[in-house]
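First, one chain by itself in structure tokens, the form predicted on its own.
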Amino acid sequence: MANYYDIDDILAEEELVPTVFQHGANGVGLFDSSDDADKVEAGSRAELPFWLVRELYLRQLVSIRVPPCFDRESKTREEIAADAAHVDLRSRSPYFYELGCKIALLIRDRTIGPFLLVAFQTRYRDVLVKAHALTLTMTPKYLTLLTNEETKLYEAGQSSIAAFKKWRMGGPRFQVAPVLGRKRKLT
């Protein structure tokens, strides 16, 4: 279930997932735009938001076709195995890691988890190095390749280096811990 107040979790669950209806259904024609009838036949394919797919899958009304970016024979896996740092994951899904974890848990695919881990580990170092080294002119181009999670990591790296530079240039060297500033009561 989505974290109710987390906007990123809500948006991750809005990502479309390919499904196949196992049973026909009346009154849901908006899922299948191939005809004007207000029904979906068994075997119809549709792309639905993950939050809906989860509920329909748990009720055994649809089967999930793994999105192409997570498929075992996908081009994405080959690209990440070759050079993960230069793969445009945002175009595949802005919430690549979050969606992958949710799908892996739902369909119990044991290959998606290690794939996501390898992808994140190989891109992690590159994201932090570029957060410290990129100029302002190169930053917008680079950010278009990053997923939502990696963008947050990049921004955290930039704020970290900015705080370090401020400290090094003469900022406060030591800070008194808030606990030490309080007076103890005499008993």
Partner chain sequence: MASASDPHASAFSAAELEFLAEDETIEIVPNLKMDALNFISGDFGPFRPQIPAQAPLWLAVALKKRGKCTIRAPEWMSVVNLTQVLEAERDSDKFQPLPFHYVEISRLLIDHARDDIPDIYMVRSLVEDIKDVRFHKIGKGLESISAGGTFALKLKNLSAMEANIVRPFVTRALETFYKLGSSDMIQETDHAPNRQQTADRGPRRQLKDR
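Positions refer to the first chain, counted from 1. Quick caveat: nothing in here was measured; it's all calculated off a predicted structure.
From this point on, the text means the form predicted in complex with the partner chain, which you will not see here.
K.L.:
Applying a 4.5 Å heavy atom distance criterion, does residue 124 contact the partner chain in the predicted complex?
P.N.:
So residue 124 counts as contacting the partner chain.
K.L.:
Using 4.5 Å between non-hydrogen atoms, is residue 160 touching the partner chain in the predicted complex?
P.N.:
Taking the distances in the predicted complex, the answer for residue 160 is yes, it comes within 4.5 Å of the partner chain.
K.L.:
According to a 4.5 angstroms non-hydrogen atom cut-off, is residue 43 in contact with the partner chain in the predicted complex?
P.N.:
Result yes; residue 43 sits at the interface with the partner chain in the predicted complex.
K.L.:
So, residue 98 and the partner chain: in the predicted complex, are they within 4.5 Å at any heavy atom pair?
P.N.:
Yes.
K.L.:
Could you list the residues in 57-78 that come within 4.5 Å of the partner chain in the predicted complex, counting only heavy atoms and keeping sequence order?
P.N.:
If the 4.5 Å heavy-atom criterion is applied to the partner chain in the predicted complex, 57-78 yields 57, 60, 62, 63.
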